[in-house]
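Read the single chain below, which is given as structure tokens and is the form predicted alone.
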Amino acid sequence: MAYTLTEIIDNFGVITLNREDKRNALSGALIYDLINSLEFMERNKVRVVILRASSRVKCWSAGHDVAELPTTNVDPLRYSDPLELGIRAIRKYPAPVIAMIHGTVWGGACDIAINCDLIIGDPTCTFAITPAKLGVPYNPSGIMHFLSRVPLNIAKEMFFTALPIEAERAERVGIVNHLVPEAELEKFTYDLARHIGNHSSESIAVMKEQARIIGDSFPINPETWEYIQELRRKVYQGKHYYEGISAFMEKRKPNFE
């Protein structure tokens, strides 16, 4: 089964998440399909990529497939985790990647979306980052992704509450570039991709890479990095992480005593 559908239209490409039976949960298989699709686009010199879900679904993506998270004692968001590989593939793709959002975006899918270069949404879109509901200690790079997109207080609210940011507020705080009527979402996004694709691909590729490098240039000394990793280790090796994952799999409310 293909977990992503790939299409080239004019001078841009479209990658559609295709795991509707699981609300497009980001399994390893889906992420690897996404990476392969991006590599296909790059080989074909596609100047803009649109990442979307089917317009039929109410959930753009349910986020990281919790069934694939480790139960205890292992970093759930290690550098080699498929989600992290997918995020890096989007960030390093040598052309703009536009997230076209219809429906709700949860957890790791929220991280995927905000790492796209632009986000175009309709009034159904919401964004929620949910590690606090699972007892997951989010990784430093993930925290920085949000801090580079929204003000510190908004990022803290999203992480602390795990509540969705609704469409109009998402546009107001800078998550969404454009909020358009549902019936116009596809046309607006595709027209924007065509417009960008008519400009210099070499210029845009260099500007995107410069922005990525500059945005990542936050020096942390080794001692501070080790301290952060120790903080995270105490969580994913602790009771709250085990309880959060167990409660999710058992479809009950977690008891974080």
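A quick note: this is a predicted structure, and the numbers were derived from the prediction, not measured. For every residue, the number given is its place in the sequence shown, counted from 1.
We do not show the form predicted together with a small molecule, though everything after this point is about it.
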property: Joint contact, 59, 66 and 134 to the small molecule in the predicted bound form, by non-hydrogen atom at 4.5 Å; result: yes
property: In the predicted bound form, residue 23 touching the small molecule (heavy atom, 4.5 Å); result: yes
property: 4.5 Å heavy atom contact, residue 138 and the small molecule in the predicted bound form; result: yes
property: Contact of residue 175 with the small molecule in the predicted bound form (heavy atom, 4.5 Å); result: no
property: Touches the small molecule in the predicted bound form: residue 248 (any heavy atom, 4.5 Å); result: yes
property: Interface stretch in the predicted bound form with the small molecule - options 167-175, 88-96, 103-111, 150-158, non-hydrogen atom within 4.5 Å; result: 103-111
